[in-house]
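Here we start with a single chain on its own, the form predicted on its own, put down as structure tokens.
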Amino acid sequence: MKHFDVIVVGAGPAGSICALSLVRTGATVGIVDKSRFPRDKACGDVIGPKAVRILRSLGITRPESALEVSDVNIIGPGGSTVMLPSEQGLDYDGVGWSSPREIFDNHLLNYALESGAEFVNARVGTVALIDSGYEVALPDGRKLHSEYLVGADGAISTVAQSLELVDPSKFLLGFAVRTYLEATIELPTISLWEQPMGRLFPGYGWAFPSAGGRVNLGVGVGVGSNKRAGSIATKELEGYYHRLANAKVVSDGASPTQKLGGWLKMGTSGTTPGKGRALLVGDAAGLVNPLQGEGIAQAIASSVAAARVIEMGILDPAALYRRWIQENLLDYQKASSLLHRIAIANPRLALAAMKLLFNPVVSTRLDSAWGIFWNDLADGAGTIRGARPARLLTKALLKLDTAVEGLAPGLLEVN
């Protein structure tokens, strides 16, 4: 039986950053992942300003082929547009990166491996708590042992399921599908649209510039806990591309061919992020933005925090880690989850709200606050335009969340 101080299950951004942070403290770390790297993953490929700031603080450079991105163009129901500005805050620049996950994830994994982490290329069979720590059994009969365990294995986490840290009936799930086009686009673009009977589509489409003269095109849909509804995203992708091409938002290119999809677990829904000496980070903990599906910043931040509490060597690191999440991430996750649930459960109300936001009189006053809140940038935004309204909105939604749960729970029932 091979022994490590820490076993990290999953070699995406969360797992690699956690492993890197741990080996720098002198810990022996095994990273277990079923995929051979580099490997692709369904994603919009944008790494936001918060994530970039943390990566730079860790000494991680931008991948050579990555693009810099900033302002975002939002196309609303009816075709009107709003440009959300990306501005510099107190502790982040107003610039993100765009890098295909095949390149970006491998870039981060190499940092961890070059620092001393060991890669175990295998699917995890079972995970068990034993007297001396944790035992990870692999399908070929090998067993790994560690004192600490980190689940960085995505929305459908084997670690979380094995240790009974999730309640799938309470999940707030999304499904996203993306493709690449040989095309160009001027600004990262997000689209919202109206469905028949005056309903807002329960998700959004995106078209982001990517490396090599390509466009990352995708559609994401919120489904509550109903996985069967995830097929909506795949059905919408082709039509979404043609709408953008006809409107000259993207240059003419080949229609979407190879598609890749994946699940998102948002808002920490149905998930306990740690117990004892086992911690969940990133997507496994449900630390994904419920409004726009971005999770890399939360994955990196939670991984660094998990490594720090493990380094302390305390008896119950999960308790301290849960408190860190509550103090640093949970308010926004809860506030944006409320908006997500209301919008999905009440598509006519959501459409009316979006039409109001796209009114020029409103949008010119709220564009900065909208961009800050949408991208979870209020903390660290300082006094830049829109920061204070974004923070006030979070506080108001937290109060509304408490009121809705007690007085009008039907408002949140997702069908």
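All residue numbers are counted from 1 along the displayed sequence. Note that the structure is a prediction, hence the values are computed from the model and not measured.
The same protein also exists as the form predicted together with a small molecule; that form is not shown, yet it is the one meant from here on.
Contact with the small molecule in the model of the complex, defined as a heavy atom within 4.5 Å, is made by none of 18, 276 and 306. With the small molecule left out of view, the stretch that reaches within 4.5 Å of it through heavy atoms in the model of the complex is, among 78 to 86, 262 to 270, 239 to 247, 180 to 188, 262 to 270.
In the model of the complex, at least one heavy atom of residue 32 sits within 4.5 Å of the small molecule. Mapping the unseen interface onto this chain, residue 208 counts among the residues with a heavy atom inside 4.5 Å of the small molecule in the model of the complex. Taking the partner from elsewhere, residue 288 is found to have a heavy atom lying within 4.5 Å of the small molecule in the model of the complex. Residue contact with the small molecule in the model of the complex: residue 339 places no heavy atom within 4.5 Å of it. With the partner omitted from this view, the residue of 299, 112, 160, 310 that lies near the small molecule in the model of the complex is 299 [heavy atom within 4.5 Å].
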